[in-house]
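Two versions of one and the same chain are coming, encoded as structure tokens; call them structure 1 and structure 2.
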Structure 1
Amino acid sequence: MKNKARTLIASAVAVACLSGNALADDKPLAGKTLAFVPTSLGYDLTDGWYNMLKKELEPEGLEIIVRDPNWSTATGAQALVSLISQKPDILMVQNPDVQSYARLLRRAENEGIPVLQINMRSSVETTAFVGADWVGIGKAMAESAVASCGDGSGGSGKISLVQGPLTSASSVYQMQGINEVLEGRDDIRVVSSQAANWDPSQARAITDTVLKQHADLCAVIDFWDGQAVGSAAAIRRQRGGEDVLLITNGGTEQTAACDNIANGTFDKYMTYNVREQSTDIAELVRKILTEDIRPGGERLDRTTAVRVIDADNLRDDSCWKLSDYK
């Protein structure tokens, strides 16, 4: 059965290659299908990847199908299962956490479908990975806080952490990075570490209470820009937004990131630029499909560099606009 499937795929690939060659060179991906399972469409990261990829690769003939599980791991798993039986040429998956899709990703690779993971590594290694290093982002945020609040900076050293859901993997890794930096430092004191569940209202309430308790709070590290606007609102109301540093991270979409950096809402912004990621993804997809890289062969890995944006280095093109790609 498996052999038969392999032969089929091989012949399909061969046919595709032949026809690809026969056709004009401007459609090298004609007849290929990419299936994308995000955590959910409808927010800047996934919309960015999806639309940029469409703009980039569809003219080359690639067909992109997307299954939107709307934040449900179980639905996502089901979508993966049905995609595996549909056998796309490449499967692009944004893991909700490290292990939920692990078994399914291995199954996909075993059936000969190369899997490209984005922004969150599963415990199973697959053909390709593109994405931010969450631990690195955590580290960068903590280092930024240390620089502004630690010894020699004149800050009080008190910082507050506003996490995502405690069980969310990206939140856990950011926390891990922060802990690595703060480990053994006694000039920085974490006065509050609370989960706001990606909800700005909760972030606002938490930060509000913490600010009242600690008049000399130096910095707030918020784990996602979408929720950090809540923390920012609390800071603005109580301190006029000045003497408390707000550090956050995100996918660098114009309204979510640069607008807020420009108006002083966010002080430091760690970015894993979706635009760069999309370029990486497109490149890897091309490579996998045209060079016929099979699962189990070469491993492709593009970790997105973490950069810091603040009011000083903000440029007009620091962010991307979703509207440019739709």
Structure 2
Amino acid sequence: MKNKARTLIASAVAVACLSGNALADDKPLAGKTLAFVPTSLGYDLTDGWYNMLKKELEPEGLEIIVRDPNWSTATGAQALVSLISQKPDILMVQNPDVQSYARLLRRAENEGIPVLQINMRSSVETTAFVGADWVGIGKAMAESAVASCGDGSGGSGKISLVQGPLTSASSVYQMQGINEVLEGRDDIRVVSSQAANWDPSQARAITDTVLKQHADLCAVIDFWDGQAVGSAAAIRRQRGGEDVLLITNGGTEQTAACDNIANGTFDKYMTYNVREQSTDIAELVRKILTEDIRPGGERLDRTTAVRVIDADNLRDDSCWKLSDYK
């Protein structure tokens, strides 16, 4: 009887161990935490990343926590200080500019926390980056302006640039791409280059003034779709939206991108698809956490390909819908 009891106990332990291993296999990220500090929640990019990652990685056991600075760099810095002390397994950060969080990102990595930067780089390199090819986007926007406004196009050659914050990585690298295309061209004249700081009301005011000063303005290149709706409003008010090309970029959410292309608000749209970025982010998070990649070792970068969408190539599946992931 004693031997039989021992056999039953051993069998029960084996079954429990097998069950535990099966559960672990089902949830490979169980017990791991990802902390996310965006520039702000409440718009397509950040809500897209957050909701897509929750849908894909939470079933694998990952806990995702978010600290929303609501566009305040100081609040974001405070959130990072607090999170570093809490020691999440991975820290995901969308930088407001190249410098503000640099010291804190270095501190996090020095304390053993891998940092994944998304879409806008800091001056400090960290374990991973997923984001847009901003130089490529700048080139594509400038090439569209040249095609519509340069020699042989019938356009005046006059274009206006509406940037984001001048210290934002996306602004810095978009300008690099634009300058590479326009360098040495006498047929294109940049009549205005100003920062609207991601604010559509500032973009509208800038574009309104430029349109009054240049009746023959050919194109506006606005550095982000959320800001470009302000430029579009100014163009509609003064020109009816017909004779000034509006070129912008963004993460390809349906209401922010495809709807505005279909209704003529945007003429040319350079996309870094958030759906594709989220897949890349999830892949790198799994790799970092399951392979125990530590700061100071392997660098992991994923750059999102640039695509151009306009009324001619717009399709039903050109954009993703935030409502599908909430």
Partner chain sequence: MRNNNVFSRLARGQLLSLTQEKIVFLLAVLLFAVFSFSLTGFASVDNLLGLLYNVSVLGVLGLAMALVVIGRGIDLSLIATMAISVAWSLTLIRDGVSIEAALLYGMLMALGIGIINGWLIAYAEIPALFCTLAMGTLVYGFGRIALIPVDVVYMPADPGWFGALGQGELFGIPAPVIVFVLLSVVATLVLRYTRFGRYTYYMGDNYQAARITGVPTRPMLVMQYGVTALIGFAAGLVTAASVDSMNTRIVNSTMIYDVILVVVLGGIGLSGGKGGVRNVIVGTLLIGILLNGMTIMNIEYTVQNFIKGAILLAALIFDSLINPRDEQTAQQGDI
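It should be emphasised that the depicted structure is a prediction, and the values quoted were computed from it without experimental measurement. In this text, the rigid core denotes the largest set of C-alpha atoms whose superposition between the two forms falls within 1.5 Å. Along the sequence of structure 1, residues get numbers from 1 upward.
Structure that is the form predicted in complex with the partner chain (1 or 2)
It is the first structure (the form predicted in complex with the partner chain) rather than the second.
Does superposing the core leave A142 with a CA shift of 2 Å or more between structures 1 and 2?
No, shifts by less than 2 Å.
With both forms fit on the core, is the shift of the CA atom of K212 between structures 1 and 2 2 Å or larger?
Shift of 2 Å or more: yes.
Once you overlay the rigid core, does the Cα of D199 travel 2 Å or further between structures 1 and 2?
Passes the 2 Å threshold, so yes.
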